[in-house]
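Shown next as structure tokens: one chain only, the form predicted alone.
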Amino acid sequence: MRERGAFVLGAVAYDPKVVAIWDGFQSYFERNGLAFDYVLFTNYERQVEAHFAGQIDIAWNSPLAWLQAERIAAALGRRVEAVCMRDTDRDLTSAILVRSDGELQKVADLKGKRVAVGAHDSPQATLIPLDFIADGGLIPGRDFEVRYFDLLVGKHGDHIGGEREAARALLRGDVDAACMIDSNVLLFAQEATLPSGSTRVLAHTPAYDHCNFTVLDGAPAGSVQRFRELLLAMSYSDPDVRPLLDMEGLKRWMPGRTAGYGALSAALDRFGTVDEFVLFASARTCA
């Protein structure tokens, strides 16, 4: 267990801009009286492990890492809390896209087809959409083929590379459908990865929430409270703060909530842990 000093955050380095983001936040917090530092991890599993080992005070967690922390805490008789999240972390949906010139009209039409997804551990581009399709009666790997685009596994889909490759596979005709978060449908249209009129939405998943700042019982209460206050006080109209919020993809911070993780939790209940899900899907695909 490390000695107390600065309030230490763990974050995953999914993009080079992460250093600039947390350097900027460090300056902001310290200007406002909170001694702050951060540690970067290559993957969320390592970050969750370090959190329970007491090496960090708070974690900037993906939704999957949140559920991992929540379930580990429950098994250990500990408590976990979602402190804050972005305004853009709430009420998201993912889309199942098909080509505009195709004949698929409903989820049931995916039977016997090829569906492209992101990385195995992507909540928005893999786990939630596949669970949604399974709710409709089609089991991945049994009733339809799943094509994974496993870019940067361990980063829980925080990058968009796997989803972009799924979109490209759909346009090439390598697959019949592709799954991705709605915001990337818009981005891929803007950058012409998905030319206007080339695709249409077959279905949307139920709404879900994304990342949050996670603390465990035993975190320094005063520092947690000050961290929360300073986040909620950030204003997009502040020229010193706005670039940080833009890089992190939000306009304002919101209090943390946990009601929006039901869809992902259901996916984990159906497929097991991420490792078990990989084995399940692989076995079904090879059957």
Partner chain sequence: MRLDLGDLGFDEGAHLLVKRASRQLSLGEEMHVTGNAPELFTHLRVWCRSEGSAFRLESGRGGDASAAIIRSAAESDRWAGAESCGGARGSEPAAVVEQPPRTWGLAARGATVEVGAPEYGFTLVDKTEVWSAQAPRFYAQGAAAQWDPQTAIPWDAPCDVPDDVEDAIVQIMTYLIENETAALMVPSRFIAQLHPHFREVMQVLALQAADEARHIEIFTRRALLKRDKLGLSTSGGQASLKTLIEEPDYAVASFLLSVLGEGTFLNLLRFIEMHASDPITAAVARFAAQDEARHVAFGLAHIGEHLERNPAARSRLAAGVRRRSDALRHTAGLNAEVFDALIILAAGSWEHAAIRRGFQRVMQLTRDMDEGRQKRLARLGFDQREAMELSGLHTRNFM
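Predicted model, so just to flag it, every value in this text is computed and none were measured. Numbering follows the first chain given and starts at 1.
Absent from the display: the form predicted together with the partner chain. The rest refers to it.
Proximity to the partner chain in the model of the complex holds for all of 88, 93 and 186, with the criterion being a heavy atom within 4.5 Å.
Residues within 4.5 angstroms of the partner chain in the model of the complex, judged by any non-hydrogen atom, belong to 200-208 and to none of the other stretches in 70-78, 165-173, 115-123, 200-208. The closest non-hydrogen atom of residue 182 lies within 4.5 Å of the partner chain in the model of the complex. The partner chain in the model of the complex is not approached by residue 54, whose heavy atoms all lie more than 4.5 angstroms from it. Contact check for residue 242: a heavy atom falls within 4.5 Å of the partner chain in the model of the complex. Using a 4.5 angstroms limit between non-hydrogen atoms, residue 190 touches the partner chain in the model of the complex. Taking a 4.5 Å heavy atom cutoff to the partner chain in the model of the complex, the contacting residues in 223-253 are 236, 237, 239, 242, 246, 251.
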